[in-house]
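Below you'll find only one chain, the form predicted alone, shown as structure tokens.
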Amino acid sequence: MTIEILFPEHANLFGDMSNMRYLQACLPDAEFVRTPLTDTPYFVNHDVDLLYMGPMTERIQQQVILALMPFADRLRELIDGGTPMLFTGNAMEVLGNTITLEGGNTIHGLGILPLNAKQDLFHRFNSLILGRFAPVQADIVGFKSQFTSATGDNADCAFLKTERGIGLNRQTHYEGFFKGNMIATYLIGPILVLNPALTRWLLDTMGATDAPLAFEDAVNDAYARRLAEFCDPQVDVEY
């Protein structure tokens, strides 16, 4: 089983690399390929069981788009073929159509998702998120911390429908994208550590149905406590 982590030396903000550390605890015998920004991604010439990329700075975001642009068709092929993928934080914007920068200039993304993002570097949005992931009928908990808002038609392909917190922007409750077995979401956290049902679904989708959840009792207990906190109406959504 092979998991590729794209550009871990840069795409590692908000502790989200713990998603992969936790997955490695669940899959101690799997091969984890860590591809630096200067190398051709492993997925270009090989099949993978999971492709992961985490959040990054806005400056690196533009470099990542340039690095992946020659392989956009290969990414589409893998997505259409059902390869599991997880893109967290602003890694999702790399897959979109455009990113409007603070100064007004627009850069083009990979054009895989119908997403248009707009930066506002003077105002960071922080929020907790509670939403339902339909394939497992489970509530997902996580956080947002971003300088962008986004628009895009994701009503029929959202990762979550939020119960608390916003979707792509304040006018929608549809958050992220779920296409094939690819999850692209603004949520950070790291979400695999926070959401054992999501991790179980991901392992099963990868074909690791016999792999146990690492530290299962502890992560289930932590999830139950966090879910109760996020459902409490006295807990502020934005912070």
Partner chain sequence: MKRSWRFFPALWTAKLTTAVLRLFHRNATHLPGLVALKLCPTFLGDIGKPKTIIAVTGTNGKTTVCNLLDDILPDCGVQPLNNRTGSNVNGGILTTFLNAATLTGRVKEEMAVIEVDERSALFVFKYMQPDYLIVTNLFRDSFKRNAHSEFISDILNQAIPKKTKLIVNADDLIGSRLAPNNDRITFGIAHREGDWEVRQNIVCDMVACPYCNTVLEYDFVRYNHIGRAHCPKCDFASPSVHYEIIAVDEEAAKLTVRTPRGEEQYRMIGDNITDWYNTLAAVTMLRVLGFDEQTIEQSLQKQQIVKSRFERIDIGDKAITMLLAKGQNPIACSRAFDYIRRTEGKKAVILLIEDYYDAKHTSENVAWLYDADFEFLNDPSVEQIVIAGVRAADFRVRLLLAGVDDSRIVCMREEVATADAVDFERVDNAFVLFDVYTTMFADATRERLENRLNGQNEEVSQ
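Positions refer to the first chain, counted from 1. Treat the numbers as computed from the prediction; the structure is a model and nothing was measured.
Just so it is clear, the following notes concern the form predicted in complex with the partner chain, a form of the same protein that is not shown.
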Quiz item: Could you tell me if T38 has a non-hydrogen atom within 4.5 Å of the partner chain in the model of the complex?
Solution: yes
Exercise. Flag T106 as yes or no: does it have a non-hydrogen atom within 4.5 angstroms of any non-hydrogen atom of the partner chain in the model of the complex?
Key: no
Quiz item: Is the gap between V235 and the partner chain in the model of the complex 4.5 Å or less for some heavy atom pair?
Solution: yes
Quiz prompt | Non-hydrogen atom contact N126 with the partner chain in the model of the complex at 4.5 angstroms | solution = yes
Practice problem: Tell me, please, which stretch of 111-119, 139-147, 78-86, 155-163 lies within 4.5 angstroms of the partner chain in the model of the complex when heavy atoms are compared? | Solution: 139-147
Quiz item: Thinking of N12, D221 and F230 as one candidate spot, does the partner chain come within 4.5 Å of a heavy atom in every one of them in the model of the complex?
Solution: yes
Quiz item: Which one of D204, E58, E31, D47 is close to the partner chain in the model of the complex, taking close to mean a heavy atom within 4.5 Å?
Solution: E58
Practice problem: Scan 168-196 and write down, in order along the chain, each residue with a heavy atom lying within 4.5 Å of the partner chain in the model of the complex. | Solution: I188, G189, P190, V193, L194
